[in-house]
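The data below hold one chain only, encoded as structure tokens and taken in the form predicted alone.
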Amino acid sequence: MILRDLPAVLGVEAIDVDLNQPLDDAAFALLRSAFERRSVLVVRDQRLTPDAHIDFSRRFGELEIHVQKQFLLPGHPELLVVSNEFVDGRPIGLVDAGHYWHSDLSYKAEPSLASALHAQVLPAEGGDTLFVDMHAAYDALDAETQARIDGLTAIHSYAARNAAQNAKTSHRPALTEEQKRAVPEVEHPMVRVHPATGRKALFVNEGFTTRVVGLPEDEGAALLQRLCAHMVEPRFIYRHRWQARDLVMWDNRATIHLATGCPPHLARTLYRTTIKGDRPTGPSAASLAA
């Protein structure tokens, strides 16, 4: 296995490795360390079986089952199908997945540690995924803004995002009452301390963050708007141009991402695992724990 940093603000590439074969402990520790340091791991040319994809992901932690159960891979509920393909007039996966900046499952009390997306069918053009280095975005803020947001929390909501998408397209099903109960609003620190590296990262996103706790609505909205505009400046972004059979894994504690989309007549299908994380810790709590 060869690891090399990508020529961008984040990202590391692994080549000459077959994840159908379990890595020994030393090789896995090396891979995990590179992932935690660079936040996005790209493993090239992986002819992965669904079971191998699940087994590799599970080495990082317990796997999540997505709330949109109709789009789980049959026989493998750990795999969410992300696709613009239709069979008999019905989508086989989430058609509009990720067409906005977000961190996966930030709307849960224990957001995901990471997600691992494996390319099945790629379009001839388009389909890139953008990633933001949220450590770098935080570090670039002025000291006054850093001090202000270090002690603030914000609300994250899946129901609000799903309702917004449902209003735009019939391909995004409305949540059932049972699904709504499974994803209540949660409150998280606006700055998250990474449990592996100790670095601070912004932890808000346009996809799921709805309001700032303790601030008047207009003031909180203005703050969120400013932060969301700041974090997507080009200097913080890595653009992943997919290659056949890429496995791309990203750290949801340190990044946000966006699917750029592709022409609707070109098929794009990928399988995604999501690895459960822990409850986010803000700077004040991290200092007390230390």
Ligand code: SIN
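Remember, predicted model here, so these are calculated numbers, not experimental data. Residue numbers run from 1 along the displayed sequence.
The form predicted together with the ligand exists for this protein as well; it is not shown, and the discussion that follows is about that form.
- Is there a non-hydrogen atom of Trp250 within 4.5 angstroms of a non-hydrogen atom of the ligand in the predicted bound form? Yes, Trp250 is a contact residue.
- Would Val43 count as touching the ligand in the predicted bound form under a 4.5 Å heavy atom rule? No, Val43 sits far enough from the ligand in the predicted bound form that none of its heavy atoms falls within 4.5 Å.
- Query: Counting only non-hydrogen atoms and a 4.5 angstroms cut-off, does His102 reach the ligand in the predicted bound form?
  - Reply: His102: yes, in contact with the ligand in the predicted bound form.
- Message: Test of understanding: in the predicted bound form, would Gly93 fall inside 4.5 Å of the ligand by heavy atoms?
- Response: Output for Gly93 is no: heavy atoms all beyond 4.5 Å of the ligand.
- Message: Counting heavy atoms only and using a 4.5 Å cut-off, do Gly98, Ala259 and Arg268 all touch the ligand in the predicted bound form?
- Response: Spot residues vs the ligand: full contact, yes.
- Message: Only one of 219-227, 250-258, 23-31, 54-62 has heavy atoms within 4.5 Å of the ligand in the predicted bound form; I'd like to know which.
- Response: Going by heavy atoms within 4.5 Å, the stretch is 250-258.
- The single option of Ala137, Val82, Val212, Val193 touching the ligand in the predicted bound form, heavy atom within 4.5 Å: Looking at Ala137, Val82, Val212, Val193 one by one, just Val82 meets the 4.5 Å heavy-atom criterion.
- Item | Sole residue of Leu117, Val132, Ala114, Leu202 within 4.5 Å of the ligand in the predicted bound form, by heavy atom | Spelling it out, the residue with a heavy atom inside the cut-off is Leu117.
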